[in-house]
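Only one chain is given next, in structure tokens, and it is the form predicted on its own.
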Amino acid sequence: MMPPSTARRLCFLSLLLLLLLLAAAASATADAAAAEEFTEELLLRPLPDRKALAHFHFRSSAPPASAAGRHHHLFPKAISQLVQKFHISELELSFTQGRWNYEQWGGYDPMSTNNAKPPGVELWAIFDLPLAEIDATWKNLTHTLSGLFCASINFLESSTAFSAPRWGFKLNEGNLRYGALPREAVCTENLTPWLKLLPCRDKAGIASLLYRPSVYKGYYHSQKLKLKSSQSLGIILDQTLTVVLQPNTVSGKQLHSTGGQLQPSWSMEHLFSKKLSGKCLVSKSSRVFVEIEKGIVDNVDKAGSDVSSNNDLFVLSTAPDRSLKELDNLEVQSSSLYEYDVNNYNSDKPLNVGITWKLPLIWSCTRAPYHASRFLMGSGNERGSIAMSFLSTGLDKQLVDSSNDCSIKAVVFQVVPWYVKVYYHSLEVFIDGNSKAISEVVDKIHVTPSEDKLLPGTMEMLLKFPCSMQLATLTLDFDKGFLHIDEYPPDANQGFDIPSALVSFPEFNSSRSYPEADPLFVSPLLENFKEDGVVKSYTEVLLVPLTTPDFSMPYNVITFTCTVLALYFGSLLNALRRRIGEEERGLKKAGILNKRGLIPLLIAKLRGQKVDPSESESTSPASLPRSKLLLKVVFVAVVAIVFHYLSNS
């Protein structure tokens, strides 16, 4: 038997070991929690066409799976499982309603380059898998995202709905898949699961400003989810929401005007119907930025005033914590940024930053080198042409030497459904109205022809335009295919959509850097601005009318057939179930059968019964009205049949 002192000593050692294990587990959990970070930021910007831009940016980061295991404190577990199951290296999903106005809202800045998306749904993903497994993984991914975001993303599982671009969209090694649904409607059912990925959802922090009526009554809104995964850095998830709103000019306060059109003044409360009463408690940083574009800065400089929060042209309702100026090397963009730290505000002292204009002001945002647009030519339901135009905006003359040998590169990426059968050999190029040889303009081209009901057509082109060019037009002829009746959508007469084409300019960079930023404070939003981003823009969605069958004919055939069958089986069942003998005996007892008319006489003749002539003669005057009624019914039926035949023929 063990002595009592030894037993006590063993109990004490066991308890000490247990406490050490619990402390180690707690420290590991604390380290994992500290490794996960969440930041929230908001960017506000006035636009030249009397509108306001609001850009929400949320970043969640998780360490590599080996360090944190399967448990997460801030990072959404659904996204982590998505990355691990489908081996995703990079993914981007966007839901957009409206179209970005490149002429008024800019096309040469990080906002338009990274957050201007085509209407509907756009999804692309890069997989870390063998090429033979990517297509099957893509189909499973679309179903998962469809359930996660309450959308019709599962329609992208078909091989006719996605493509595998080589270099026109994003340089890859064949492991990228791209798909788009231009007609997908965007509503709160898509925004709610997007908000559920945030630690505080929309209950606290900057996300609490997302008042649904304000967001969905805007001219443009695009919610995006982008993630990057690597074994060394873990998973980085960026959630952005870009909204273009019309300020409420009635409630907005204006100071004085000198006879011109004054820009509408606005604030957070006017845009989102509420003020910001604090940050999300688990966020590492919470910042609000107000950006003033180069056009406004130039006007302030001309007025002889400093670009401060209170100058001769405008005044900010709340004094900023810090002011940042963009580092301008090429003198193309020179904007100012006013920063607000949400840690300094709470429910007793909410943040309601806004801008009030003092004098009328007209400015413009810097646009891309060429304004790209796309349209259809031709008429009828057999064939047509797709035309893409490039109109010079004059930016190239400011950046490059406009010599005779000068040229500007443009990359075009376009996906066409299989029922639009494009003849790529019919490509024609016109520069300033003059036809040019393909070899003079097209430097590189890659085409994946479409296959009926199997693959869409994909075209990737590298174009070289002379710097002196003002207008270029590319045309492609196509034939319209025929679909099976089961392949038509419910609103087939509206037409069929061709997704937006992507035009990028690889020689132009839209990055911005603010060297005065605090080195101790890392802003994901400013980091994205600093990244080298190629200037790019999306064209319009094309609406192609196809030959549509008369969907009312199946309905008419079904109703007519059902009517005939109902009459036939009704008469058959009536004849089989009727007891004629009992009915005749009952009529004889009632004395009704003796009053014969035309119809009873005909029935008697058909049955081979003898008819008393005296009865027929005595009843002939009484049966005369019945015979006239029968003739009228037959006449009406014949007229109806003839009218139906003539109307259908």
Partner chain sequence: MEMSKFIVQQMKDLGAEVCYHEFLPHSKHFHPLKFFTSMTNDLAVRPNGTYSNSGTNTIGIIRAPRGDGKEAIVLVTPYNPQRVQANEVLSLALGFSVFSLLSRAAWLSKDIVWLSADSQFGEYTAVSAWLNQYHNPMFVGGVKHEPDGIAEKAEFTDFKRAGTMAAALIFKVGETRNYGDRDSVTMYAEASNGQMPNLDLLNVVHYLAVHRQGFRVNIETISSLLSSAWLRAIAEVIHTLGSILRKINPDWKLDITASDYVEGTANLASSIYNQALGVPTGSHGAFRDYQVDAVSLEFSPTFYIRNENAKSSFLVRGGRLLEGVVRSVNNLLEKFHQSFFLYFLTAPSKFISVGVYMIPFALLVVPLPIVAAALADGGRKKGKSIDASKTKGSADNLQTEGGSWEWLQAARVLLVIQLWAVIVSLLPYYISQIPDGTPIQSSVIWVVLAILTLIVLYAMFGSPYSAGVEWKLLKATMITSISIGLGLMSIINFATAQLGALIVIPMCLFSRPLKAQLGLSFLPRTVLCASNILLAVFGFPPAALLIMKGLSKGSWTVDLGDFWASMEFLWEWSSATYLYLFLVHLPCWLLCIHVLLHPCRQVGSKVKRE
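Numbering follows the first chain given and starts at 1. Just so it is clear, the structure is predicted and the values come from calculations on it, not from any experiment. We call the rigid core whatever largest set of C-alpha positions still superposes within 1.5 Å between the two forms.
One more form of this protein should be noted, the form predicted together with its partner chain, which is absent from this view; the next part is about it.
Proximity to its partner chain in the predicted bound form, defined as a heavy atom within 4.5 Å, holds among P456, G218, P466, G179 only for G218. Of the residues V534, I438, A492, V315, just one reaches its partner chain in the predicted bound form with a heavy atom at 4.5 Å or closer; this is A492.
Site residues E291, G295 and L361 are none of them in contact with its partner chain in the predicted bound form, judged by any heavy atom within 4.5 Å. Here the chain stands alone, but in the predicted bound form its contact with its partner chain, taken as any heavy atom within 4.5 Å, falls in 97 to 105 among 97 to 105, 456 to 464, 352 to 360, 525 to 533. Within this chain, G147 is remote from the site of its partner chain in the predicted bound form, having no heavy atom within 4.5 Å. Its partner chain is not shown here, and in the predicted bound form it never comes within 4.5 Å of any heavy atom of L171. A residue is said to contact a partner when one of its heavy atoms sits within 4.5 Å of a partner heavy atom; E339 fails this definition for its partner chain in the predicted bound form, lying far away.
In the predicted bound form, its partner chain lies farther than 4.5 Å from every heavy atom of L129.
In the predicted bound form, just one residue of 112 to 141 lies within 4.5 Å of its partner chain by at least one heavy atom: P119. After superposition on the rigid core, the Cα of N556 moves by 2 Å or more between this form and the one not shown.
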